[in-house]
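Taking the form predicted on its own, here's one chain by itself in structure tokens.
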Amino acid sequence: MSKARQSTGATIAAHAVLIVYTIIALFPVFVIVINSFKTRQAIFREPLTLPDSDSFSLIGYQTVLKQGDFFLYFQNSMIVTVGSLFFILLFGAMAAFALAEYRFRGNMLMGLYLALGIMIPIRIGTVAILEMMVQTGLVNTLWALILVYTAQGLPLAVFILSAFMKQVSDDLKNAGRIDGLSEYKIFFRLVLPLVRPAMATVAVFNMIPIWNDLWFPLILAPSEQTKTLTLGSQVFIGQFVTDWNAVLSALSLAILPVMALYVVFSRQLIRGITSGAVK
């Protein structure tokens, strides 16, 4: 009975800590959203209060929708983010499966080589990347961003997924081979469903940096037709004057897809992070 009470108490404490951390993490988002519905004077006068009849204003959202093509920027960000995550998860899972399943000369060196991408930031090679994109004619295309973000996310994906794939039962995979399944069918039908928590973890870890990135969209795709949401919102930030209503409104709209994707992956994310921590 005492062990059951201790387990229940630990569960309640864990949920309480989770709720506290959630409130702390969401508080900046809350502040941004409520201030996006205020006048400029109210933003600076009472930034932590809810908008009332005197301070309520939609001028920021009206400015965002009128100045620039917000929906095009939103579409570009979605295409780049979803496309990059698809290739990161696909190629990262394949590489991780090969490293975890097959033993060959140089296996460890290959894993270390791929892990170097975690320690060496890809922005160091910005000039070389730009020259490469110019030579291949991919400047001012969404493919340039997708390829760069895929290369950026693969090292972490391989590092995380290979650790999870090593835990998949060899008996299960051998049984599939005995039944005549090819290596591709074993990978897609048997292994991938078992590492979904790890896949969700990799997706969340890569999703936010890709969605919020300003550097590579500014360097590789600055044209009006290829601007992402983060780059498009910079039009409201000037050297001397900043339209804070429009900036906060654009940020509020940009938060929604990230929050939605996080909710979709949240359960698998928690399972992936806590896997092996609780017996």
Partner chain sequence: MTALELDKICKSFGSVEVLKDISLTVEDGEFVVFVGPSGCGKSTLLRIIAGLEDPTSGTVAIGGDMVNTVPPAKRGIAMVFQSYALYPHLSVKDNMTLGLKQEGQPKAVIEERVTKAVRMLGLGAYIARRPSDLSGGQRQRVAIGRAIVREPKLFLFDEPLSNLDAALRMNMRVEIADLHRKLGASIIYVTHDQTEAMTLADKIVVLRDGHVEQVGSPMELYNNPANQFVAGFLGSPSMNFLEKSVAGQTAGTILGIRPEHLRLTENGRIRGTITHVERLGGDTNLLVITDADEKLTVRLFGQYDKSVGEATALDFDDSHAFHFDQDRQRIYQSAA
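Residue numbers count along the first chain shown, from 1. Model, not experiment: these values are computed from the prediction.
The form predicted together with the partner chain exists for this protein as well; it is not shown, and the discussion that follows is about that form.
Engineer: So, Ile34, Arg45 and Ile59: all three within 4.5 Å of the partner chain in the model of the complex by heavy atoms, or not?
Structural biologist: Answer is no for this spot.
Engineer: Note which of Leu72, Leu194, Ala163, Ile118 lies within 4.5 Å of the partner chain in the model of the complex, where distance is taken over heavy atoms; exactly one does.
Structural biologist: Checked against the cut-off, the match is Leu194.
Engineer: Report the residue, out of Ala98, Leu130, Leu190, Ile79, that has at least one non-hydrogen atom within 4.5 angstroms of the partner chain in the model of the complex.
Structural biologist: Checking each option against the partner chain in the model of the complex, the one that comes within 4.5 Å is Leu190.
Engineer: Does the partner chain get within 4.5 angstroms of any non-hydrogen atom of Asn174 in the model of the complex?
Structural biologist: Residue-level check for Asn174: yes, a contact with the partner chain.
Engineer: Under a 4.5 Å heavy atom criterion, is Gly180 part of the interface with the partner chain in the model of the complex?
Structural biologist: It does: once the partner chain is placed as it appears in the model of the complex, Gly180 has a heavy atom within 4.5 Å of it.
Engineer: Find out whether any non-hydrogen atom of Arg103 is located within 4.5 angstroms of the partner chain in the model of the complex, and reply yes or no.
Structural biologist: Taking the distances in the model of the complex, the answer for Arg103 is yes, it comes within 4.5 Å of the partner chain.
Engineer: Any of the heavy atoms of Lys185 lying within 4.5 Å of the partner chain in the model of the complex?
Structural biologist: Contact with the partner chain, yes.
Engineer: In the model of the complex, which of the stretches 148-156, 122-130, 104-112, 166-174 has residues with heavy atoms within 4.5 Å of the partner chain?
Structural biologist: Comparing against the partner chain in the model of the complex, the contact stretch is 166-174.
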